[in-house]
Ligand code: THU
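Just one chain is shown here, as C-alpha cells, and it is the form predicted alone.
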Amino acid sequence: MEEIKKISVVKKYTDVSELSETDMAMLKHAKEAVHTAYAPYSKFYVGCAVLLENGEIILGSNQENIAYPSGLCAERVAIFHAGSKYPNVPITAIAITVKAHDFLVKEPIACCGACLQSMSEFEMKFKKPMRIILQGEVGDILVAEGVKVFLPFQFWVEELKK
C-alpha cells in the first residue's frame, strides 16, 4: 500500500487593494456579471470573468431553469462562450464572485465539480494552468494557480483523444 498525498496551496488576500491591477479588474468584471444572473429559484447570483491570452474578457453568470438540471453555472457559461468565440486562445485567469438575496456572502465560494472539470479541460487543451480568483460579496480573496488546487485528481485520459 502506498499513500498519495496532494497538497493544495492558495493565496489569501484580505483586501482587494493587495491584488495586481489585472486581478482587481477581473474581480470588478465578475461583480458586474453578477447582475446578469438569472436565479429566481435559488436567489444565489454568481458572476464570472474570463481573461484570455489575447486580452479579451468574457463574462458569464449563472442561468437557472425551472427544470433544475437544465441551468448552467457562471463559470461554464463564460468558458464555453470563450471557447466558441476564441477556440484557439488559452484562458489565463478566471474570477468568480457571488451575491445572495437573503444573506451576505462573506467567504469565497469554490467552483462546483462540473465547473472545475470543465475548466480542467481548457487547461489540458492548452497545457497551461489558469489563475483562479474567488471572492464572496465581501471579505477575503483566494487566488490559486490552476484547477489542480481544487481538483487534485482530474479526470483526464490522454488516450481518449486518439
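Worth saying up front: this structure is predicted, and the values here are computed from it rather than measured. From 1 onward, residues are counted along the sequence shown.
The same protein has a further form, the form predicted in complex with this ligand, not shown here; the description that follows concerns it.
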query	finding
Heavy atom of L104 within 4.5 Å of this ligand in the predicted complex	no
E64, heavy atom within 4.5 angstroms of this ligand in the predicted complex	yes
Interface membership of N54, this ligand in the predicted complex, 4.5 Å heavy atom rule	no
In the predicted complex, F122 touching this ligand (heavy atom, 4.5 Å)	no
Residues in 40-77 close to this ligand in the predicted complex, defined by a heavy atom within 4.5 Å, in order	S42, F44, V46, N62, E64, C73, A74, E75
